[in-house]
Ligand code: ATP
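One chain follows as structure tokens, the form predicted on its own.
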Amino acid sequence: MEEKIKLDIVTPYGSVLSEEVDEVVAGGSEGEFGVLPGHVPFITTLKIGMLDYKKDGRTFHVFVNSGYAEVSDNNVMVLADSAERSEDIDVERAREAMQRAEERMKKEDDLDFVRAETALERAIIRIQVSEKARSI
């Protein structure tokens, strides 16, 4: 029997994903990492980005808004601030958020630049995750 990895993605709002998968690829704060069955245990922080997983020859995409990933015993547990499967992303809402963030960044008075930059990054990645899933 082929070995699988148990992937769980959990946010403060509940479980986003719980599946047996073949491979997981995500963006850690120290760089991108991949996990196959039998991977050595580790814990890392996650940056805002895309988590990809393969299951039955297909690749799936999930937006992850930072958090932590723990790999142990063929399990990948992701604890994220928020996460959305590609099919659950509201692209129009993400585009509106991107516009708002860009407008805030253009203003020179009383701007929380880091907050606006982070909002822009989240919006762009949500759009990319959604578009990548649709192109398959």
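So that there is no doubt, residue numbering starts at 1 and follows the sequence shown. This is a predicted model, so every value here is computed, not measured.
There is another form of this protein, the form predicted in complex with this ligand, and it is not shown here; the text below is about that form.
**Q** When this ligand is placed as it is in the predicted complex, which of 52-60, 66-74, 26-34, 81-89 ends up with heavy atoms within 4.5 Å of it?
**A** Only one stretch qualifies here: 81-89.
**Q** Given that the partner is absent here, does Y13 sit within 4.5 Å of this ligand in the predicted complex, heavy atoms only?
**A** Contact check for Y13: yes, within 4.5 Å of this ligand in the predicted complex.
**Q** Would R100 count as touching this ligand in the predicted complex under a 4.5 Å heavy atom rule?
**A** Yes, R100 is a contact residue.
**Q** Wondering, does R93 line up within 4.5 Å of this ligand in the predicted complex on heavy atoms?
**A** Looking in the predicted complex, residue contacts with this ligand include R93, since a heavy atom lies within 4.5 Å.
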